[in-house]
Each structure stands twice: as C-alpha cells, then as structure tokens.
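The form predicted on its own is given below as one chain in structure tokens.
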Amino acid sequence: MTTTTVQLPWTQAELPKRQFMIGAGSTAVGLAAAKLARAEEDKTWDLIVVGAGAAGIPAAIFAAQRGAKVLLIEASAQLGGTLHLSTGQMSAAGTKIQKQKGIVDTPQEHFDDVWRISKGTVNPDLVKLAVFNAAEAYDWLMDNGFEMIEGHPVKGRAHEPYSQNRYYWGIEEGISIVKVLEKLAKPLIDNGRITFLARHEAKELIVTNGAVTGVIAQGENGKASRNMGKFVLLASGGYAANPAMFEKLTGCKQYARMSYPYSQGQGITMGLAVGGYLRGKEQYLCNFGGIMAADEPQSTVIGRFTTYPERRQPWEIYVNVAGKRFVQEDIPSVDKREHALLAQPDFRYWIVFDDEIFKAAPNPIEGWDRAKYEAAFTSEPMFFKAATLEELAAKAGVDGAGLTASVASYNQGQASGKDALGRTHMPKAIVKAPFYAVRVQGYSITSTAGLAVNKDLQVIRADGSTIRGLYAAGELLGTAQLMGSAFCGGMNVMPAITYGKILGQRMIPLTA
C-alpha cells in the first residue's frame, strides 16, 4: 500500500487576516480546547468535510446523526460560510408550505422551469438530483425553525420568474439559514460526534492506492495535521474572492470585492491536483451591475440603480462605451438585460438623462434619499454632470459622437412613439441641460466554473471515471452546472443544502 500527498498546482492568494466581521444577526460556534486536542490525537474519521457552509454543515449533521465520526474543517472561525453574506435564496417544489397555501407544484415543473430559463445549458442529472430532493430539505429547515419572509413563496425576485410560487427567502436572508444549521450542529459538536476544526486550512488531499483517504490541514500556528477518513467531501466554496483564480477560470476580471473572503478556491485546487477537472467556464454571466466606489477592479458597490421595470419604469437610456444603446431599457426580462450587458466591453454601461428627467423621475437608487442622490454628482467618481452631451461624454469616458447620435435617435422615437429598440415607456426626451450620467459595472460574486461530478456527486476525471473516496458539493461545483448561462432563483443555496443532506445520509451507513 502506498500513501502520498498531492502538491497543489497553484499558489493561493493569502487569506484575509481575520478582517471579516460576522453580520450582526449571526452567531459563532465556539471551539473548546479539548476538542482541538482530540482532533490532533484522533486521525481516523468516517467522514471528513472541508468547508462548514451550506453544503458542508448538513452533510456533517446527517452523517453524525447516523452515528458517524465526522471531522469538519473550516478556514474561518465560525459555521456558515458564504451564508453570512448571501441573500439565502432557495427554491423548492412540493413543500409543506406550498401545500398549506394551495400551491400545486412538482419537482418536474421545477426542473422544466430551470431548463427553460437556462435555455437547456444546465447539467440535467445534477439539477434533477437537486430539485427532486429540495422539498424534503426545505421542509427540514422549516421544521427546525427557519423563518420565511411573510408572503413567500413567490414566483421571482431579482431573477427570471418561475411558473409557480416556489421561491423562498428568510427574514434575515442567509443568516436565517445559518441559525438553523448552528442550532442543529452545535449539540453534535458539543457531544463529540462532530469535531469542528475552525481556523484550519485544508492544504492537501492524501491519496492511497489511487483513492482519496484523507486531508492535511494547517492551523493558524502553522502546525499541520494528517487526518484520515473513509470519505472526503469538498464543500469549501468557490473562488470568487481570489482575483487571480477568478480571472484564470472565467477569463475576465473580478470587478467587485463583494464575495465571502474565504472563497479562495482551495477545494477546487485540491480536486484538480488529484485528477479532477472543471466544467462551466464558458457559461460565465454577470449581473446587470452596481455603482462602484472607485474606477478599479475589486471595488465595492455603493448603490444600485433600479433597472427592474416592474419596480421602476426607466426614464433614462443605457449606453455602452461607444455611446450606443445596447438594450431595450424597459424589456421585462432580466436575463435578456444581463446577456445584453455580457456583450459590452468590460461589462460596463452608463445611464444617461437630462435635467427634466433628473427632477421628475422617481428616485432611482434603492436605499438612497434625494439629498444623497443629488450630492453624488459632486462627490462620487461614477456620477457625471455637464452642460452639454459632448462634455458629458468626455467626463464619463464614452464616445461623444456615439452618445449624441443615440440621444438624437431616442428623442426622435420618443416624439413619434416608435423607439428603434422597441421601448414603449418614454415619458420625456433628453434635451435640457445639464445632462447626467451614472456609470454601472456588471460583476459576479459567485464562481461559474466548478469541479465536475457525476450524479452521485463523486468527483470525476475528464474520462468520466470516479476519484474514489472524493465527493464535492456547494459552490465548489460552480453555478454553471446548476444554472447554466442564466441566474435561476434559489439554485445555488438550495442545491447546496440538499446535496449536503443527501451525502450525509447516503455516504455513511447507519451505525447508530
């Protein structure tokens, strides 16, 4: 028998030095010194889970409840992972709450909607595994105290709507989920069924006779431990907080610093090192953007111009760097708006209007009052104001001739009622100085590409063969496999929880 450790192919970006602050509504699970000592002494586990997030915690809970001895390795200090920053969107068909509300829905209808919204670009096996088991996982959360927003489920919010009301948000967004998972995990940690190895980074996978049999983890003090297990589950999230890996795997810059700081891609790196491969890079999609604090990659978002026609009809026009309109501003489909932006240089556009629109239009930035909005044109770098369109173009960094031509074309359509792009909501022409522009940047806070797995969530090689002993779940799989070239509501968090539950139940034989 030969046992080897596999060296990582990439150098990871340095992890944030404990600068991440947990949200005010969240809690942390303490780790007793005795449990740390036990982790150092006991090196053999039924299940080793790397990553204590939406997939990893349910896997650990269900495995431990079945009598398994579980090691849960987490780079941060607390349970919850990306859920601490996530909106916690979930979708599930056939749930108890739907039945109570008289909503007739099925997993097949859920699958059909995901297939429709993604235009058939998802992995059908993985989507079916998620949606045909989602109701049971969602009901489990509800039965254990998950608090849903009043009036939910709904058909949609922020993404393309479903055909049925199956979209759920918690009253505290992702923290609502964290609270349930913590409540269930903490007793298992306290009684030793789960050993929670916090502030430890999984560094390498141990391979024995071609199978993954363990994980080398390193603590903050630099001390490494060899942890052997019957099964290893990689559930450590994506790479969205690692700009170098993000650009390498998506082919574009990480424009916003909005992701969970521990999403460094370590699990992906380890999976690749033992023969796994990635799927989904070609499916990259950014959202329709936010207003950045600075003109540089990895900036923070200071506000979002309301571009959802169902919330606020557009009075302004949207132009690209060439000064040309690139989308019908009042088109109802967010997916069409997002794909239109995807074709623009740097996923960037400018919202342009005049003084009449500035004064008459409904307040456009969510959470901003009128005073803050007006002040931004003299204090924020993404807000521009000028006496002429040509001057505005020069200040904003767009082509002047293109902008003036676009405004003239729009004004002609506004006067005749026949817009060149088919827009119907055109309350005012853009004619009166001063003129205004707000620059908006498309970005992504999730990871598109992810480790390839089979229908049983086993990590596979490019030839389809399985890497024995190694499983993966959560954002480590990438958004593309479950949402394809679209954003499908609730198809990130809910599959992660569902997969974790399934793996905790199926990987570990019932022993207690």
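Remember, predicted model here, so these are calculated numbers, not experimental data. Counting begins at 1, following the sequence as shown.
Just so it is clear, the following notes concern the form predicted in complex with a small molecule, a form of the same protein that is not shown.
With the small molecule left out of view, the stretch that reaches within 4.5 Å of it through heavy atoms in the predicted complex is, among 323-331, 255-263, 370-378, 187-195, 255-263. Using a 4.5 angstroms heavy atom cutoff to the small molecule in the predicted complex, none of S406, Q414 and I430 count as contacting.
Of the residues A130, V122, V232, L83, just one reaches the small molecule in the predicted complex with a heavy atom at 4.5 Å or closer; this is L83. Shown without its partner, this chain lists A52, A449, V453, A63 as candidates; in the predicted complex, only A52 has a non-hydrogen atom within 4.5 angstroms of the small molecule. Heavy atoms of N492 reach within 4.5 Å of the small molecule in the predicted complex, making it an interface residue.
Interface membership of A202, defined by any non-hydrogen atom within 4.5 Å of the small molecule in the predicted complex, is confirmed. Of the heavy atoms in T87, some are within 4.5 Å of the small molecule in the predicted complex. Taking the partner from elsewhere, S76 is found to have a heavy atom lying within 4.5 Å of the small molecule in the predicted complex.
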